[in-house]
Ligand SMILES: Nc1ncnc2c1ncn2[C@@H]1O[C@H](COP(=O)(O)OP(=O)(O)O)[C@@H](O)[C@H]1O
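Shown below, as C-alpha cells, is a lone chain in the form predicted alone; questions about how it binds or moves come after it.
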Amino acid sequence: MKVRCTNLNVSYPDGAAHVEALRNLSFECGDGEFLSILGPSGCGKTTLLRVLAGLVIADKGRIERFSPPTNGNGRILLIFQEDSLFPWMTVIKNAAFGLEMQAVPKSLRETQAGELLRRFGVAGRENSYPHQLSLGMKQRVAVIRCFLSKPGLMLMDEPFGSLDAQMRSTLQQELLALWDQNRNSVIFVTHDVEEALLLSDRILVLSAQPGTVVGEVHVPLPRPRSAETSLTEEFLQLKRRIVHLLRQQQAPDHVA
C-alpha cells in the first residue's frame, strides 16, 4: 500500500489551551517500503501513527492510501510498544486472531500460525497464556499475528523499545525476515538511530514539537542486513548524518 500525507495539522487540548502536535507535515511511503520515523521526544511520532490508523482525526490536511491492484489489500494494523495480546487467549489463538477475523478455517489458520511460532522460537508455548510469556515472546507473537493478517500497511510504534539489547537485535532480524517474505509497507517509529538504519529503506527526521519533516535519508545498504552491517563505514557515515539532523532539533540550552 502506498500512503501520501499532505500538510497534516494535529492539535490536542491541554487545559484551556491547545497544543500543536503536528504542523504541515507531508511525506509519502511507497508500496512495499520500510520507512522509519525519528525525532525528539514529544515531536508527534506516535500521534502520526494514530492518525494514519484512523484513531485520531487531523485538524487539517489530507491522507491518501493507494492499494496495489494485484491484491487490493487496504488493511492497516498498528503494533504498540506495550503488550497488545488478548490475555484470555492462548498464544496460538492470539497469533491466529487476524486470520480468524478473515474467516480462515481453524485448521488452516492454526497451521500457519504454528509454523511461524516454531520458526521464531515460540515452539512449545502454543497453549500458554500471555502472562506466562516473557516480554520478548509477547512481542514475537504480536508481530507474527500482524504479518499473518497480511496488512497492506503495518504501523509499528517502538515495538522493541522496552527490550534488552540482545533480544532487541534478535527481534529486529526476525522482523526483517518476515518483512522480506511479504514486503508489506511499514512505517516504523523509533528513537534508535541504529535500529532505523538496520531496518529501513528510508528514514524521515521530524522537528521538535510541533513535528514536521526536516530531513530525509535514503538507506542504500544492501540487504540482507545483520548486526555486522552496523560496523561498516557506510553505516557509520549515515549514522553521523542522522545524529547531526537530530541534534539540530534540540533546544539551544540542551545542545552541548
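The model shown is predicted, which means the values in this text are computed figures rather than measured ones. Note that residue numbering begins at 1 and tracks the sequence as displayed.
Below: the form predicted together with the named molecule, not depicted.
- This chain lacks the partner; the member of Thr47, Ser200, Thr190, Thr212 within 4.5 angstroms of the named molecule in the predicted complex by a non-hydrogen atom is Thr47.
- With a 4.5 Å cutoff on heavy atoms, Leu25 does not count as touching the named molecule in the predicted complex; it lies far away.
- Put simply, Cys43 is close to the named molecule in the predicted complex: some heavy atom of it is within 4.5 Å.
- Of the heavy atoms in Val243, none are within 4.5 Å of the named molecule in the predicted complex.
- In the predicted complex, none of the heavy atoms of Leu236 sits within 4.5 Å of a heavy atom of the named molecule.
- Comment: 47 to 55 is the region of 27 to 35, 47 to 55, 192 to 200, 219 to 227 lying near the named molecule in the predicted complex, near meaning a non-hydrogen atom within 4.5 Å.
- Residues of 1 to 30 placing a heavy atom within 4.5 Å of the named molecule in the predicted complex, in sequence order: Tyr12, Pro13, Val19, Ala21.
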